[in-house]
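Only one chain comes next, encoded as structure tokens, the form predicted on its own.
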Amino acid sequence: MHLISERRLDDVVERRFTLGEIPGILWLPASASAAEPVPLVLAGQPGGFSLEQTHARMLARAGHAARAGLATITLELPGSGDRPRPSGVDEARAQVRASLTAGEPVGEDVIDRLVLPLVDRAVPEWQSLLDAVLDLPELTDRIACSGGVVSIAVRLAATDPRVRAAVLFAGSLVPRSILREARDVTVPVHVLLQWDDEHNDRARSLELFDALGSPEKTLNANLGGHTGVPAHAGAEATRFLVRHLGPSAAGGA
């Protein structure tokens, strides 16, 4: 993990870095220090957009988290920015768009070809990032994942014991195999669902929620399209993260 730059933005310190050749950004509360370390939120990006395209949105999320005492980190997805796309993803994405334009269901094979190569590459990268970033003195080992491609978050929550809670954004296509993996998710989960999301299969999102194996899971559903998540829903997701990562949840950490 190589630090490229650091700057202070109001009450957030933004550090740009590379993990190998992969760009990423860490946002720390300005008060974070070795004496007062903070929990960390792995903030996923929406698929198909680069770090630069989503910077303003991610910074806003990181600012809310920082004011709640949480650090936020994100990593460029495979196929985003200057990173090469996994083989077959462009063709699968074109087929998805054609199906949605025609008002037809997206085929399961197309969903697999679009999503699974991304999950297979992204999850090990996030795990390598955790290996590196948890050496920083400003951070505790209390970790959650939040947002981005929901299938990536599901696999992370199901397979990495360092992840203690997850906020899932039900806004991307979910392969059937990820539904099966969701049964292995046992950490607390908070799912955000836009009821009228033009890019999302609502029935599949509800199926995913039902499949999650966590004994503590909450579905926060709101009217509106893909980008219309109301402020109060985002605030509730932050409270969920604080509840499961804050000092009262530290346990023996």
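Small disclaimer: the values here were computed from a predicted structure and weren't measured. One-based numbering along the sequence shown.
What follows is about the form predicted together with a further copy of the same chain, which we do not show.
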**Report entry** Contact label in the model of the complex: Asp11 to a further copy of the same chain, heavy atom within 4.5 Å
**Finding:** no
Query raised in the report: Applying a 4.5 Å heavy atom distance criterion, does Arg204 contact a further copy of the same chain in the model of the complex?
Result: no
Query raised in the report: Quick one: is Phe49 in contact with a further copy of the same chain in the model of the complex, heavy atoms, 4.5 Å cut-off?
Result: no
Report task. Decide whether Asp210 counts as a contact residue for a further copy of the same chain in the model of the complex under a heavy atom distance cut-off of 4.5 Å. Result -> yes
Query raised in the report: Of the residues Glu216, Glu198, Asp184, Glu36, which one places a heavy atom within 4.5 Å of a further copy of the same chain in the model of the complex?
Result: Glu216
Query raised in the report: Taking a further copy of the same chain in the model of the complex, which residues of 157 to 173 have any heavy atom within 4.5 Å of it?
Result: none
